[in-house]
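Taking the form predicted alone, here's one chain by itself in structure tokens.
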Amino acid sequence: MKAMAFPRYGPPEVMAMADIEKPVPQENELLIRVHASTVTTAEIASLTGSPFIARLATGLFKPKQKVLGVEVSGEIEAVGASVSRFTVGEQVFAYCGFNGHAEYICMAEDGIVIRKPENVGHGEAAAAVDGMLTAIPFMRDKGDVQKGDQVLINGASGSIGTFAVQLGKYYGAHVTGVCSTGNVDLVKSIGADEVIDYKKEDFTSTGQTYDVIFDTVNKSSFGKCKGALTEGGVYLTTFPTLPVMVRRLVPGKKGRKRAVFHAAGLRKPREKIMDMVFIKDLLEQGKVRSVIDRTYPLEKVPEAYEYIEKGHKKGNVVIKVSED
């Protein structure tokens, strides 16, 4: 089968199409014919091996996994002898962690995989997985977003940000999105009540305060945002900066402003599966939608990563692996 592989760390051009052995499902596994995967910003570290500390997880001198792609959507082509929850021909979407940029992938039946919503295509389904699995625990659990809350999403036009905006509206909050000039209309179109163009205005100096500030792009800090938080407000970040980690270890008094980092990717599979069901429900009800910036064929995955590296992605970049 065809897969986009990378034998060593480096820029996107180290990736090349390879013919590798088609996987065979074990007793408890599903063989999924991949229709769509995505390219995410977080995968740049896995590709380049930078920062070096990332190699503790991906391989010290060379990558442990040669094929990237953390989220997929496709059709079950075969199942192992003990599989009981899925049948051949069912369409599924999943968080696979690696190997999504390939024509086929095997996943355990009890992995982070569920049936795909019938009302969305494979590209939209695949794009909803990683961003939503990150946004949900931040907005629902760590931010405890409630009806009437004032919520600000910094990086509102990215994958996590576009889903965070929509989740904020789902929970009944008044949502302010922060993005660049070219993305203002996009952020409004997904439900933001207000949009701040960071090139024209600094949201920390407007005088407005928020119950939750969610920085999805590591472009601010708790110190800078503290004055824009209400008493008891929370600053959420996907990046473990030293000041935030210190505050996590030494929490402040109850009712005070606080900063929270959460390693959403390290949650238990059972929790992620439950959230996948939630994602499916939201997609089926039309409460959220995946924002897709660009779609590339499998052979042009390196170009997709080059585009991601420029830092101007809107929502998600989808890889079309095979026809729906």
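Bear in mind the structure is a predicted one, so any value in this text is a computation, not a measurement. Counting begins at 1, following the sequence as shown.
The same protein also has a form predicted together with a small molecule, omitted here; what follows describes it.
- A single residue from the set Y104, F222, F138, Y210 has any heavy atom within 4.5 angstroms of the small molecule in the model of the complex; that residue is F138.
- Contact with the small molecule in the model of the complex, judged by any heavy atom within 4.5 Å, is made by just one of T176, N99, N183, Q166: N183.
- By the 4.5 Å heavy atom rule, the three marked residues G155, A263 and G315 all count as contacting the small molecule in the model of the complex.
- In the model of the complex, Q91 stays away from the small molecule, with no heavy atom inside 4.5 Å.
- Under a 4.5 angstroms non-hydrogen atom cutoff, the small molecule in the model of the complex lacks S73 among its neighbouring residues.
- Proximity of Q26 to the small molecule in the model of the complex: non-hydrogen atoms within 4.5 Å are absent; the residue sits far from the partner.
- When the small molecule is considered in the model of the complex, E124 lies well away from it, no heavy atom lying within 4.5 Å.
- Of the candidate stretches 77 to 85, 140 to 148, 212 to 220, 168 to 176, only 212 to 220 has residues whose heavy atoms lie within 4.5 Å of the small molecule in the model of the complex.
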